[in-house]
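Single chain ahead, by itself, as structure tokens, in the form predicted alone.
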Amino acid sequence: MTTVAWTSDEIMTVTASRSLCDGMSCFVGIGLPSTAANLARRTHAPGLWMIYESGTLGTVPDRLPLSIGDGSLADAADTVVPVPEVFNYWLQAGRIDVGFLGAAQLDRYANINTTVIGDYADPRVRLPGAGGAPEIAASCREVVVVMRHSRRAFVERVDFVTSVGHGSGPGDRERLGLRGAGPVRVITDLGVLEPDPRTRELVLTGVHPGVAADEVRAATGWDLAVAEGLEVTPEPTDAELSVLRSLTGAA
């Protein structure tokens, strides 16, 4: 039972953390994905094996890393290997269960943009770029995306495809030779979206407590379909909130 008030960011992070199971191997992106993964390891999934693209395998940092180059990741890792080994031996070989990614833009087929907003040659905003995200999206057995929900972020078509989700629909990943299943879940501060098994288009399958489906549709840049059996996300527990706030410094 939850007795502590929580925020939309907190329920998003807790919901994302619950996507991870004990014993999984997880390729972790910096930011919201890292917070969710570290929360999972400190709560219900103590055996979560976290990998960051800087080459830290099985890391258990005592605080949230500021970047993939944060020394706390290396200090707390089972081992540190060269970056090419992370990608060639672990990721591209299909050894990673789940990739946790963020995005600046996401479209109806869960394609991710972290490169530019606007025209590539003359962008309005130049974003941090790809890093290892394209390979994570291509080769992890499944991908979970964690991001805040707005019409600016959830667009009909991304301005640039940094990382392929489900392309333009069924069969695209297979045609491109991508090993993994791609994004299986998108978790936001409003709810949860999952790809339709037939069309691969994202569908609203869950909302957080107090959020209406129409509110999520209004914050989405395409005509978002809503699942018939729309679920309501379980609230964060007091224990989850306590651990999360100790991680983020909000306690």
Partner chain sequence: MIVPLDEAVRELVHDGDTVALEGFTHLIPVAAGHEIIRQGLRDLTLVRMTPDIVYDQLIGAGCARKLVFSWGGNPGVGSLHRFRDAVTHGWPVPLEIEEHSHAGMANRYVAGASGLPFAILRGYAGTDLIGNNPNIRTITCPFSGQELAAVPAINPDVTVVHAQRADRDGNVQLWGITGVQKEAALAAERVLVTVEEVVDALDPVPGQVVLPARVLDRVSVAAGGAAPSYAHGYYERDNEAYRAWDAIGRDRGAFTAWLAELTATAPPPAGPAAPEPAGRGL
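Positions refer to the first chain, counted from 1. All values reported here derive from a predicted model rather than from experimental measurement.
As for the form predicted in complex with its partner chain, it is not shown, yet the points below apply to it.
Undergrad: Consider I68 of the chain shown here, and say whether it contacts its partner chain in the model of the complex, taking contact as heavy atoms within 4.5 Å.
TA: Yes, contact at 4.5 Å.
Undergrad: Using 4.5 Å between non-hydrogen atoms, is G132 touching its partner chain in the model of the complex?
TA: Contact with its partner chain, yes.
Undergrad: Even though the partner isn't displayed, in the model of the complex is S150 close enough to its partner chain, meaning a heavy atom within 4.5 Å?
TA: Although its partner chain is absent here, S150 would stay clear of it in the model of the complex, with no heavy atoms inside 4.5 Å.
Undergrad: Check whether S242 has any heavy atom within 4.5 Å of a heavy atom of its partner chain in the model of the complex, and answer yes or no.
TA: Because no heavy atom of S242 falls inside 4.5 Å of its partner chain in the model of the complex, the answer is no.
Undergrad: For a quick check, can you give me the residues of 175 to 191 that have a heavy atom within 4.5 Å of its partner chain in the model of the complex?
TA: Heavy-atom contacts to its partner chain in the model of the complex: L176, L178, R179.
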